[in-house]
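Next up: a single chain in structure tokens, the form predicted alone.
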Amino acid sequence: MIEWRDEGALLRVRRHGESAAIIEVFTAGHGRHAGVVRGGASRRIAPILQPGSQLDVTWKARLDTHLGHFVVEPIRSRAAVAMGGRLSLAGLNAITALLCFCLPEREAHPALYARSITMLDLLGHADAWPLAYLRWELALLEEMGFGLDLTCCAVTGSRDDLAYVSPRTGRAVSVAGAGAWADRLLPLPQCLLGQGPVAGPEIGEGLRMTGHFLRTRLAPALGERPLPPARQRLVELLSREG
């Protein structure tokens, strides 16, 4: 019998048979991991199994290749915070959906785990989490091997007046370096450089930029699957809120 214990955020739940549920949890030590929760559809356990909830989980299986079973204990729920507004709920759904979309099963990503937990805990702070979410998507691209370089201009090497990102290389480009090619480049939100206002249009612009690389770099590496609809719903809501 194989057994381990860890802590993690619940990403997804689906019913299994009459009374059980299959859950996917993102943990620091075991990555995205699935397992069956006996009685997971019952009145006692189902309220615990809400996406975003922080759980203490013990996983057991006869063989490492088996789906296995989880025994879960609640640590804290994030449902009340997420349900506080449609924007925060959309943020929670986008985070959990993208993690399910991107992460290979049973592969640890401790740095991304820590950042994701911080991101989930920020959802109750309406003034802070949209920018944090944009930075989280950048961190997700970095963790998956498709990080952007926003430190200096790809053409001139300057760190000043960075205003664009190359859709091909993912490197920043300055106003001077862009020249006549500016209309072919992606706008670089100044809030990512610690400059300018953190407003809805800036966040929307940033998500269009990260969305480009999620679609053209990450998705092809994962078999050309479309990005989760939950992300698009969040982008649309943030655009309207802005």
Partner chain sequence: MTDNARDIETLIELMARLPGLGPRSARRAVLHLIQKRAILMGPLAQAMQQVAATARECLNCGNIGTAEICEICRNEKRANGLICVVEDVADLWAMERGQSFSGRYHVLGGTLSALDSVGPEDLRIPRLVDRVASESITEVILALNATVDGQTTAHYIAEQLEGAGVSVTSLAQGVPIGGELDYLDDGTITAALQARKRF
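Since this is a predicted model, take the numbers as computed values, not measurements. Residue numbers count along the first chain shown, from 1.
Missing here is the form predicted in complex with its partner chain; even so, the following discussion is about that form.
Asks: Choose from 108-116, 74-82, 146-154, 125-133 the stretch whose residues reach within 4.5 Å of its partner chain in the model of the complex, heavy atoms counted.
Replies: It is 74-82 that comes within 4.5 Å of the partner.
Asks: Residues Leu138, Met209 and His212 are flagged as a possible site; in the model of the complex, is every one of them within 4.5 Å of its partner chain by some non-hydrogen atom?
Replies: Judged in the model of the complex, none of Leu138, Met209 and His212 sits within 4.5 Å of its partner chain.
Asks: Sort through Leu89, Ala172, Leu120, Cys102 and report the residue having a heavy atom within 4.5 Å of its partner chain in the model of the complex.
Replies: Exactly one listed residue reaches within 4.5 Å, namely Leu89.
Asks: When the contact criterion is heavy atoms within 4.5 Å, does Ala219 count as touching its partner chain in the model of the complex?
Replies: Output for Ala219 is no: heavy atoms all beyond 4.5 Å of its partner chain.
Asks: Within 4.5 Å, heavy atoms only: does Ser158 come near its partner chain in the model of the complex?
Replies: No, Ser158 is distant from the partner.
Asks: I'd like to check something about Arg14: if you look in the model of the complex, is any of its heavy atoms closer than or equal to 4.5 Å to a heavy atom of its partner chain?
Replies: So Arg14 counts as contacting its partner chain.
Asks: Is Leu162 close enough to touch its partner chain in the model of the complex, meaning at least one heavy atom pair within 4.5 Å?
Replies: Residue-level check for Leu162: no, no contact with its partner chain.
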